[in-house]
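Below you'll find only one chain, the form predicted alone, shown as structure tokens.
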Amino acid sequence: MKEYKLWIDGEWKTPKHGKTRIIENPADESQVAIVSEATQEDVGHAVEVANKAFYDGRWSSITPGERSNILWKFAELLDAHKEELAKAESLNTGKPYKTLSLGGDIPFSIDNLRFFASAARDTHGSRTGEFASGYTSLFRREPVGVVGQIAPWNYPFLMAIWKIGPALAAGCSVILKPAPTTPLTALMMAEISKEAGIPDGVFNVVTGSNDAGQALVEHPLVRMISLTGSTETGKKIMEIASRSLKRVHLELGGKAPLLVFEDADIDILAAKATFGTICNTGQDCTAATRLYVHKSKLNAVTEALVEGMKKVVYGNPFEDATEMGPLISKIHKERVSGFVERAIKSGAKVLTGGDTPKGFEKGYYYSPTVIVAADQKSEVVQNEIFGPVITILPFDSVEDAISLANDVNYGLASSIWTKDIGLAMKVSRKLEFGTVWINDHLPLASEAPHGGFKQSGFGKDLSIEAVSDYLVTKHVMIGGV
């Protein structure tokens, strides 16, 4: 079983107190690795190293072209190790290896990094103008400085790239803290980054508990914190960051609605909604979680979705046929099942799922679940479950559908299902979500911004907008010209 230390200043460092954590495979509960636990002192050392690297200019002051070339090489090296990375990702998270790790997350993440490598060449950095008589103004866009980045457990490799890609493209120095339970691919990419030519101290990885994350947020030399995580964690980070007025970038929870109008193609909708619910075992902030269906189509859509869920193949992540793996942990499985049990007690009805599938008592498997007759204000409709669970509710009118969709605290992703493009555009303007898909759910592109409204946070991942979040604007005003 491999043991990992902390990656600081371009080499493996033993933490001060020597504590470790066992990393578990959620598919069979086996032990797969031992990872070091960083102390506050370890985090402080990583920040000081990153700060020195930023101010001595070894990364922040090199040309955009040089940064771009190194990031491109980084992407190429990750691509050369994609099978190894995908295997580690599936062992660590339970994701289906063929369809999701190797077939989705790893190659898409590498494409994201290639985009950021290209974006590094032109961050829309400087422009000039004469806005006062006798003066010329120069506007410079410069890297914000040292960035602390806290990645989640549901997409460890993908979200790490979404964070370090734009930050490094902008010229920042980074301390990445992966989730305590899923650090393996972040640690693997750290070593690969050195081979790519990223200077020592520019990219550091510290593993550990929430205490390590708090130490990162509190450190005075950290200029910005980026978190992908729960809304509650985001609120705590904002509170701590406010004490030193750190910049904060938050991608938080979601409760995505799917609005199904009378003319929607039910077969396509059922297939896409099924995948949107069970992809990554529903552990996705953009997962399909609330299906609102015009009352005239309610029975047909419900029947089609239930049939789709019953056909989902779940099991060993390394079997080619597997479409859905386990939940991440015993604690999380108990959380998901608790939502369903309370929904039943409050009067909702489970049409399929809501239990541990037969033959899968080992590991943290949970059946794809369809719930009907839940109240709009109930927790199963209002709160993020983060499991393969979807509710179905009817609506009467377009206005009713929009009102129901917007009636949650979250605002990350949504989708509209109709053949009427005019209706789709009308509804998309009124939905309070950072992403609105039409006749699909979940697809992303490196060039398209991803981020939420309301309690789903702010700031963008992906696209040039993500790079902009790691830049600050300086005004240089020149007199006597």
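Numbers for residues come from their place in the sequence shown, where the first is 1. Computed from a predicted structure; not experimentally measured.
Omitted here: the form predicted together with nicotinamide-adenine-dinucleotide. The next part is about that form.
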How about E251 - does it come within 4.5 Å of nicotinamide-adenine-dinucleotide in the predicted bound form, if we only consider non-hydrogen atoms? yes
Under a 4.5 Å heavy atom criterion, is P317 part of the interface with nicotinamide-adenine-dinucleotide in the predicted bound form? no
Hey, in the predicted bound form, is T391 touching nicotinamide-adenine-dinucleotide, heavy atoms inside 4.5 Å? no
Give a yes or no for I150: in the predicted bound form, does one of its heavy atoms lie within 4.5 Å of a heavy atom belonging to nicotinamide-adenine-dinucleotide? yes
nicotinamide-adenine-dinucleotide in the predicted bound form: contacting segment from 288 to 296, 366 to 374, 261 to 269, 150 to 158, heavy atom within 4.5 Å: 150 to 158
Note which of T136, Q214, S118, T352 lies within 4.5 Å of nicotinamide-adenine-dinucleotide in the predicted bound form, where distance is taken over heavy atoms; exactly one does. Q214
Scan A38, I416, L412, A46 and let me know which has any heavy atom within 4.5 Å of nicotinamide-adenine-dinucleotide in the predicted bound form. L412
Do any residues of 201 to 230 have a non-hydrogen atom within 4.5 angstroms of nicotinamide-adenine-dinucleotide in the predicted bound form? If so, which ones, in sequence order? S209, N210, G213, Q214, V217, L227, T228, G229, S230
